[in-house]
Structures are given as structure tokens and as C-alpha cells.
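One chain comes next, on its own, written out as C-alpha cells in the form predicted on its own.
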Amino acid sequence: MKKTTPTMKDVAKEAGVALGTVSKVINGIPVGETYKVKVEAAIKKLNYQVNTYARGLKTSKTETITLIIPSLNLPFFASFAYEVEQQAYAHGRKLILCCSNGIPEKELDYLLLASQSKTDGIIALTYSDISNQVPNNIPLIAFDRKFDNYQIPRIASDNYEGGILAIQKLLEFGCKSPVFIGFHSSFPGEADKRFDGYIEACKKNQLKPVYLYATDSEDCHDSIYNFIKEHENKDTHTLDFDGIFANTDLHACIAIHVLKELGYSVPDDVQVIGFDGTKKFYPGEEYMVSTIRQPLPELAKKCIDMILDEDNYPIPTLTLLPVTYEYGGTTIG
């Protein structure tokens, strides 16, 4: 005969207890120790598996948290997903990971899926305003993004202070003319404030702002190449800047590649600081570039804590966590 999947009734029969007792044990509701031992032994013997989805339909809780990010191709997003999963699991939740590739329709499809499965909360780093697409009974945390619905809690690094810190460090290391290089999403977010921090730092130190700041595109390399050539003295083979603050570590790496293409040395000719805190896969714990590090473990923990703090959600505020400078070999210190 075909073996059927054991049910709660089978567990109750095996343990010799009422069905309600089995339900209490499975859902963590206190019962007498003798009953608990019997139920757990029966579950183990029968290899009974809790149907999380079915239980979620009854309790409106699935013990899952949904994370929507643009992709896993970039180390920053992959690292953030890793930290969120770690924090979710530490709180007894499983992570549903959705990669939208920045496609609004795809984001909405994932939101519909998450809403129907009654996920316990959604953390979203999106390229569209999804704030009015999520049912009110599902907590939504916006990571880095700005939504029209200001009742949605937002969490981000202190990008503005990070921009100021990057220029302070370049000046501390002897740079006289730092420039800004970066590309940004057309959808507004807290990361835009890195550029604002650069402008403020220039004003504070009486420096003329010089920058390449454009909308995301596939020709970052060519744009950076052209920008650097525009600031090159062909006769002396020198540049009119000696430091670069890049909007991301990726942009910093592209800039370094272009500088080397053109025969310049990093950090001897130009010092470079990125933003994010991307680490090399090998060796060890080295950073890819000198960088302004976002506190990913702390950001992930804050996101999970806010979702699970049902008594205080929603908190319609922007929570900023501090950033730090980390040496990665592309500055002199």
C-alpha cells in the first residue's frame, strides 16, 4: 500500500493524547511535561512534518520573512541577504528571498506572492514605490528607499555623514583636490545623500566640487574613462585631482581599473575611497578597496527587530546607523 504522510491525528493516536494537545505542543503552548514528551516522541517516530503554510492560513503567521532585493550579482546585496537570513533564523524565522532585477512588475509579483502566503513581514530594497501594494496587516520595512507613504519605517546607513567622512579621510591622507564619481538610481533613496555629504565637505573645506554623478547605465566604464581624460593634462601626463570618493565600492573598482589603464598608480598618484564595505572572497577578511563601511549585521538586525516588534509597528521614522572608514589598500592610511 502507498505510504501516506502522517497527520496531527496520527501523532495524537500514537501519543495517546487529544488532538488539541498535539496542536499546543507544535505551536509552543505549554502543556504538562508528560504529554509534551509523548507528543515529541510520536512526532519523531512518525517523522511528522509541520505544514507551515497550512498553519499560516489559520494563524496568519508563517514564521517567514520576505526579503526583496534588486539582485545577488553585486556583493553588497548578497552580503545583506546573508545577514538578514542569519538574523531571521536566530529569531526562529525562515527567509524567502526574492531578486527583482529592478523590474517593477517583478517586484509586484513577489509582493503578491508574499501577501498571499501571509509572510510575517517584508524587507524591501526596491526600485519602485511599493508602499501601497502591501496589506496593512503585513509589516513592511523599506531599506534605503523613500516611499510616498511616510507611515512605512525606513532603515539605512548614515550616507550623508559617510560622504563627509570619506572627504575628511582623503584630506587627512594628503589629498588636495578630491572628486566624486558615482551613478545613482532614478528612484530616490538614502544613498543619494553620499553625494550631498561630498558637497557639504567641499563647502566646509573651501574646495571646488568636481564630480561625475549620473543615472545608472551600462557604460559606467566609458563614462568614468571620459571623465578622467577630461581632467588629464596630456603634456605632463598628470591629473588635476588626487583623490576619488566613489559612490560604491563597485564604482571605485571601475575607477581604479581605468586609472591603471591610463598609466596612473593607486594610491601613489590617486587615492580612492569607495562606499559599502565589500570584502574580497579570498584571501581572508581584506576589503576590496578603502571604503566607508555600512554596518550590515546591525542593519539586518534592526530590520528584523522592527518587523517582529508588533507592539510598536509601524514606527514612521527613518533610522540611521553609523558608518566607519576601513583601510583597503587604495589610500595611504
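One-based numbering along the sequence shown. We call the rigid core whatever largest set of C-alpha positions still superposes within 1.5 Å between the two forms. Just so it is clear, the structure is predicted and the values come from calculations on it, not from any experiment.
There is another form of the same protein, the form predicted together with another copy of the chain; it is not shown, and what comes next is about it.
Student: State yes or no: in the predicted bound form, is some non-hydrogen atom of A214 no more than 4.5 angstroms from a non-hydrogen atom of another copy of the chain?
Tutor: Answer no; every heavy atom of A214 is more than 4.5 Å from another copy of the chain in the predicted bound form.
Student: Test of understanding: in the predicted bound form, would K169 fall inside 4.5 Å of another copy of the chain by heavy atoms?
Tutor: Because no heavy atom of K169 falls inside 4.5 Å of another copy of the chain in the predicted bound form, the answer is no.
Student: Quick one: is E85 in contact with another copy of the chain in the predicted bound form, heavy atoms, 4.5 Å cut-off?
Tutor: Yes, E85 is a contact residue.
Student: Is R145 near another copy of the chain? Define near as a heavy atom within 4.5 Å, in the predicted bound form.
Tutor: So R145 does not count as contacting another copy of the chain.
Student: Pick from 173 to 181, 229 to 237, 104 to 112, 159 to 167: which stretch has non-hydrogen atoms within 4.5 Å of another copy of the chain in the predicted bound form?
Tutor: Of the options, only 104 to 112 has residues within 4.5 Å of the partner.
Student: Decide yes or no: are S71, L95 and M288 jointly within 4.5 Å of another copy of the chain in the predicted bound form, with each residue judged by its heavy atoms?
Tutor: Contact check passed for all of S71, L95 and M288.
Student: Using a 4.5 Å heavy atom cut-off, which residue among I130, A191, L250, L140 comes into contact with another copy of the chain in the predicted bound form?
Tutor: The option sitting close enough to the partner is L250.
Student: Out of H91, K260, H221, K203, which one falls within 4.5 Å of another copy of the chain in the predicted bound form, going by heavy atoms?
Tutor: Only one listed residue qualifies here, and that residue is H221.
Student: Hey, does G20 budge by 2 Å or more at the Cα between the shown form and the other one once the core is superposed?
Tutor: After core superposition, the C-alpha of G20 moves 2 Å or more between the shown form and the other one.
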